[in-house]
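Single chain ahead, written as C-alpha cells, the form predicted alone.
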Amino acid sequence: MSFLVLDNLQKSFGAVQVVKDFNMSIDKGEFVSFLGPSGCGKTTVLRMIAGFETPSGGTISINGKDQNRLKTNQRNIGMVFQAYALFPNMNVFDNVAFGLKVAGTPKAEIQARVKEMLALIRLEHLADRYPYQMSGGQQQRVALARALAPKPQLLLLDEPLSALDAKIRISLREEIRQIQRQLGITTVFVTHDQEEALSISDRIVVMNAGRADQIGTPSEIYNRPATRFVASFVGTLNMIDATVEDPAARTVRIGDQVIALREMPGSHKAGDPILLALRPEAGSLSSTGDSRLQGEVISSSFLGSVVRTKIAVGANAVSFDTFNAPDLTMPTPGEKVTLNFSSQDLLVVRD
C-alpha cells in the first residue's frame, strides 16, 4: 500500500489554476524529487501536502488517513525551507529542541533526542552557537535536524540547497540522502536543479505548467524522456525534426537521409512529422553503431572535460560530445563527417 497518495490534486489562485489534476503515489521510505522550472507548481504541491495551502480539489492521504481537514500541526510532517528559518535568538540546541518543547516532550527526552540529532548531522560541538555564527551549510543542517527531531512520518524539503554555493550543495545533498536512508523516512524534495534530482532520487516528477509531464526513475527520465518539455529540460538533448518514411519498416527521413528506428510508438502514417531526440554523448565519429547520419561541421566548443561539436543534418543542428584528451583532433567547420550511434538511443518524443 502506498504511503503518500495525491489523488487528482488541484489548486487555483483566483482564475489561475497552478496545479492541474496531479496524481501520484509514494511508497514508505521513498525519496521523490519534484523537478521543474519556477512557476510550474512544484512548491504549491509541497505546501498542500504540508497543510500551508488548501487544495481546490482532490485529496491527500498519508498512511491511509485523509489529510485535507487536518491542520499543519496535526499532520506530523517535518519541513525544511530554502531560507533555513532558524530562530536567530536561539542557539543550535534550542532550535533543534523547539518542536519537541512545543509538543510537551519531557526534558530528559528532549536532551537525549537533540543530542542524537546533533550527532546525526555531526554538529555536537556547535550546540551553543547562534545562527549568525554559522555558515549557510551548517545552518541548513541544523534546520534539517530540527525538522527530524519530532520523528515526523514525512519529510518535505523545499529547495533547501539553492542558497548555498556549488561545493556545499553537492556535499549537503549527499548528506541529506545518507540521513534519509539511515532513518528510512519518506521524503519529498523540491528543486529546479536537474543534477540534484538525478543524483539523489528514487523517482523524479518532472512538472510543467501545473501537471506531471513524466514520473520515473532518474534513468528513465534522462534516457527515455516522454515529452518535448522533459527532453529539453533534463540534460542536453538534440531535438531532430523528421518525417515518417515507412511505418512498417520503422524508417524516418531526416533531410535527404533515411534511417531506421528501434521502435515507432503510436499510429504513424507515411509523411507524418515526427520528433526525435538524441543525447550528445550517444554520438561519435570514431565508434561504430547500427545507425549513422552524415553532416557538415558547423562548430566545435571546448567545455573542459568534453568538446562539443555541432553538425548540420538537413535542417537540423545536431551536437555530439567527445571526451577531452591532449592529442584530440577535432573536425573543422565545413568538413563532411559521419556521426555513428545506436538506434536505441534515437528516441521518439511526444511533441
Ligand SMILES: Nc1ncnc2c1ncn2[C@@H]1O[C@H](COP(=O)(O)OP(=O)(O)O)[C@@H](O)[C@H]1O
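All residue numbers are counted from 1 along the displayed sequence. Computed from a predicted structure; not experimentally measured.
Separately, the form predicted in complex with this ligand exists; it is not shown, and the next lines address it.
Interface residue remark: T54 is not counted as part of the site for this ligand in the model of the complex, having no heavy atom within 4.5 Å. When contacts are judged by a 4.5 Å heavy atom cut-off, G289 does not count as touching this ligand in the model of the complex.
Interface residue remark: T322 is not counted as part of the site for this ligand in the model of the complex, having no heavy atom within 4.5 Å. Using a 4.5 angstroms threshold between heavy atoms, L339 stays clear of this ligand in the model of the complex. A heavy atom within 4.5 Å of this ligand in the model of the complex is found for one listed residue only; from T309, S33, T44, Q67, this is T44. Of the residues C40, I49, A282, L293, just one reaches this ligand in the model of the complex with a heavy atom at 4.5 Å or closer; this is C40.
Shown here without this ligand, the chain has F13, V18 in 2 to 28 lying with a heavy atom within 4.5 Å of that partner in the model of the complex.
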